[in-house]
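Take a look at this single chain, the form predicted alone, given in structure tokens.
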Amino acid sequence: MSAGEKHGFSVIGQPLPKLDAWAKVTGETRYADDMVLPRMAHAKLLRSPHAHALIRRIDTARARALPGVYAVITGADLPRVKFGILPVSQDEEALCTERVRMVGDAVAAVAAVDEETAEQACRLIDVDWEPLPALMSMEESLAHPEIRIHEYGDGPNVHKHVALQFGDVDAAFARADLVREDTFYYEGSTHLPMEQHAAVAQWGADGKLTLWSSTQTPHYVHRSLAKILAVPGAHIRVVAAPVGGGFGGKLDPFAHEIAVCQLSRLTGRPVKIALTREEVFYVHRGRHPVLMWIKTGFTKRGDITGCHLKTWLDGGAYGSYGVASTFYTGVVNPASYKMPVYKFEGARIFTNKPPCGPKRGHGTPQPRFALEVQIDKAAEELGLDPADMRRRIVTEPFTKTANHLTVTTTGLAECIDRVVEASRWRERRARPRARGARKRGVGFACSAYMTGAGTAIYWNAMPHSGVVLRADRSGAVALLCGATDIGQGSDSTLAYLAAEVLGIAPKDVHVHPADTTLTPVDLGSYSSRVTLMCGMAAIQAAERLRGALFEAVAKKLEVPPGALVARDGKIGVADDREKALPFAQAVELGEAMHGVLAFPGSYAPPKRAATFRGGTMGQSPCYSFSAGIVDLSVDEETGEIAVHDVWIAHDVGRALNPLLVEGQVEGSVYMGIGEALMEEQVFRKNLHKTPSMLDYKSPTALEMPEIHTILVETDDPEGPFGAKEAGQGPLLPIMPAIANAVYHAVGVRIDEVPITPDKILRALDQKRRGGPGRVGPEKLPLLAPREPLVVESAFGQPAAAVVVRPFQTERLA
């Protein structure tokens, strides 16, 4: 019997394949770059070779004269409107008009008969540049306030500067038996999706625009196009094509999406663009490089008395999600452990590098790395087992954190217990570590992550997700939702939820996602929100449809509707299944009674945001929790690290499909290993050092260890059938667990990622010479402190004082 069957489910809990699995593996799925429309032109963008420069003149005459060129546009051919994903950071131009702020900024676009001609035409465009000094680091940007990358922000070249304090940190440190101060650095990395960004635009003869794009946020792209192109939103249709990997890299509206729309309008043809891999490295919006200082007080037993965290984010040239990213580097950390007093200061700095934004775990892996490595250092000083220390300070269920986040269910204690037992943690820590030059080590870390953001990008009182469910006389059910399946299997998950409620097979549910003309609004695939938010909307719509069917079948069978059940493709009385009606017949009866059977479902998260400025950030209906243990070996002669085993336990609330959940967890482990050991988005002479998949190192199957996945179910009242997120949280413990395992193996601390062989050799050499045996940041940027907003700590508030309620179907009424 499966886990789902034990709880009375017929679909939920079953290890089912994705509904689109066969289409993916046979090549049937059509991605944006697979689209071919009649008379279609191909587009290319001319991008800046300068990191910072003024545009004195652009001459497109030679490009326009090239045979096969249909149109050439510059920023002068577009409305002078700036855009950005966040309302507070409208700082981008589709095609730059006066100044470029990074290598890769687009300044012109060409539509031609084929890609080769479009590319040749781009080379014929003459641009008169006036180079400006390029600020390629946070230190340079802060040291040269006279060189402004943008004229807005919280100071010269400071995009966002936040400071929040919950309780008296000085008093908290005075009560501590041990106070540690540590600095850490987390290098930036990129998403590296299999599919590059691509889009196809068609401006129809009716004056209406359709854009097919590889995007995670079709709703926000739709809003941006209406604003930038000065076209009524009702005349724009955005369709999210199947996405070949996103991980956050396809969340922003992009210049190429806007350019192809304008080129289609001018040429009267469909226009397609597919970015090269090198272009993706520049437009990436990936992981922020973050420098961190963290000071934490501990008692002799390992309790945390208080914590003060400072973060400096290298934001790159534009805002993107940067304001949110800045908050996220601080606000989620207190969710995992009892932390009664907390102070957070964060600053995002503009530089002349590609802008960073949301990558899997958005803003939280960096501070988690700092906290978890520091806890390990404290455990050693206090003589405590790192796992036992964490186990006794985990947050309690149905409480608030110091910074007013509401924790509902938490399975972190069970996650710790499960990985400790499965890995034989204590036995491995006690074993001899030397095997010739290779030393064996084991490391531990935990994490917490959001299950959907509690606030929309633009504030409003409308639902965050919507679904329309329509039953057909054939017995099929169409599910229309605005969410984008980016490979995580959300289309399948929504089908499972509707099928469970209606008692039919998932294959009978036809999911039609992410089309702004046909589907209800969904805010996008980010912050692990789709399963919970769109899932709850799907359940609400399915329950309404089921209610209409039950009413019609009850009349036919002459029984009360409450006596009916939907199961195995039939609706009837539970203990008399021979009289049950096939689902298709039930639909016919329902349509005869009610008319067309189409029912909406909506979801908005509970209103739990704190009232202080910034109190919405980090708020979520519920949080997932993870614990991870890494077993590895380090070669002291070469510095090479080999990861052998990873044990990862994840509090998933309920595994709607354990097969898909395990895939998400293991994908997180894979990405975490890459960030910990090899991935880095670094620049030399203003250019990306490794802008190709040949040079940018990422793990292959050869580097992957054995992954032992443990799913912990806590049945959260906020989630669909109790489910919480699974796609991002399991990433967070991997990097600090690897760092802690390296220390256990060879006794040196690498307080930055990636942890590369040269850094290990450097630390070992330093240790042999009597030094501390550490590689990590020493200096902090000079930035004037900001007076913090002091808020009373919410830590310790009893469960009865916290409003935590399960989903109500009429919440939005």
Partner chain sequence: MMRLPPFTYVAARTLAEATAALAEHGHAAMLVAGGTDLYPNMKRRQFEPRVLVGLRGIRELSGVRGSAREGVTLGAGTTLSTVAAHREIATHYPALATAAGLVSSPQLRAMGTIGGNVCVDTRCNYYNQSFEWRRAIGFCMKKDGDTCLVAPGSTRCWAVSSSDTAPALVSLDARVRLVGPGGERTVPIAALYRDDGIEHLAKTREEIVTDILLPPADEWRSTYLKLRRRGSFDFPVLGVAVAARLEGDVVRGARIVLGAVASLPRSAERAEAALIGRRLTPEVIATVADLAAGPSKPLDNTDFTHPYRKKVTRVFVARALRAIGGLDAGGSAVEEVA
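Residue numbers count along the first chain shown, from 1. The model shown is predicted, which means the values in this text are computed figures rather than measured ones.
This next part talks about the form predicted together with its partner chain, which is not shown.
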Checked T517, T97, T638, S474 for heavy atoms within 4.5 Å of its partner chain in the model of the complex; positive is T638
In this chain shown alone, the residue from Q90, N460, T299, T276 with a heavy atom within 4.5 Å of its partner chain in the model of the complex is T276
Within 4.5 Å of its partner chain in the model of the complex by heavy atoms, the stretch out of 774-782, 66-74, 755-763, 24-32 is 755-763
field: 4.5 Å heavy atom contact, L677 and its partner chain in the model of the complex
entry: yes
Q. K44: heavy atom within 4.5 Å of its partner chain in the model of the complex?
A. yes
Contact with its partner chain in the model of the complex for S698, defined as at least one heavy atom pair within 4.5 Å: yes or no? yes
- Message: Is R426 near its partner chain? Define near as a heavy atom within 4.5 Å, in the model of the complex.
- Response: no
Contact check, 116-155 vs its partner chain in the model of the complex, heavy atom within 4.5 Å, ordered by sequence, gives E116, E119, R123
